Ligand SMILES: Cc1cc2nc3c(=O)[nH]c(=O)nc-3n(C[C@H](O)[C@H](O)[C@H](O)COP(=O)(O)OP(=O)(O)OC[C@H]3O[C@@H](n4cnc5c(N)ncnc54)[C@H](O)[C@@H]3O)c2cc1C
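One chain is shown next in structure tokens, namely the form predicted alone.
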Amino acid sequence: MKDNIKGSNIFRHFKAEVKDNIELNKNHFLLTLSPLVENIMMPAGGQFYMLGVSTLYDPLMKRPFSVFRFSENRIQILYRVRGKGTAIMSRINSGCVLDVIGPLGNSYPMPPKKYTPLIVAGGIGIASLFSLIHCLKDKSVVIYGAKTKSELCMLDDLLGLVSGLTVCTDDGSYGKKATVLEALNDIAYDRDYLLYSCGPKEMLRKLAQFTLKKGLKGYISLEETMACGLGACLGCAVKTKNGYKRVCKEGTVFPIQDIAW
């Protein structure tokens, strides 16, 4: 797969070598890939890659992963082990070569100047939002929550990026004992906030209700099971107020009030 941009062939289907696959904590890993071609398309926050985690036929399909961090010759994927594909992926060693398609999907729109970005990450949702936080740095207010301390990732990196960071856990094992929604209630709404969020679907549904109540606008990134990642199989379609939309093609980022919860 190639994209022709200004006469150059830019690759969106390529091979990449695994440089690191580091176990961060229980069930969470940070995968670093080095593309084996030079002309790859650079991703933006909210986009994702389809990764072939095995050369065998089980699992047959590639798996979608948000881009966590990137540079000209490195792509990092933060992922949680929660099925056969990611379990195989957690055992991949440095030097292995993976088949990669991407970046795919749309990205988080940058906030207009008058807005303060209010970023809410639930669990592994931080994987999608991290590159946006990296881009905005101290312009944003960030709430990052998980069930327990063992499900929080890359805290040192986040603390180095943004001073307005609230960390919370449901059980109080780290940071504030609260859900992200409870932490949101503690924020003084004396500024024009624009929300960005990714996390469990139930959290996003409640967040949509919250934003409606507060009169906030914003964007969410949805995580759905995908077979192709290219808009062909319709396996990731979600119901919106404007009909069904494909998360892989029209998303993954949607205006929060567009989703028909």
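Predicted model only: the values in this text are computed from it and were never measured. Residues carry their position along the shown sequence, with the first being 1.
Keep in mind that the form predicted in complex with the ligand is not shown, yet the notes after this line are about it.
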| said: Partner absent here, but in the predicted complex, which of 180-188, 82-90, 140-148, 155-163 has residues with a heavy atom within 4.5 Å of the ligand? | reply: 82-90
| Option touching the ligand, based on a heavy atom within 4.5 Å in the predicted complex, out of V100, C168, I124, I75 | I124
| field | One residue of M226, L195, A208, I40 in contact with the ligand, assessed in the predicted complex (non-hydrogen atom, 4.5 angstroms) | value | M226
| Should Y219 be counted as a contact of the ligand in the predicted complex, where contact means heavy atoms within 4.5 Å? | no
| query | Is F70 one of the residues lying within 4.5 Å of the ligand in the predicted complex, judged by heavy atom distances? | reply | no
| field | Exercise: G45 in contact with the ligand in the predicted complex, heavy atom 4.5 Å | value | no
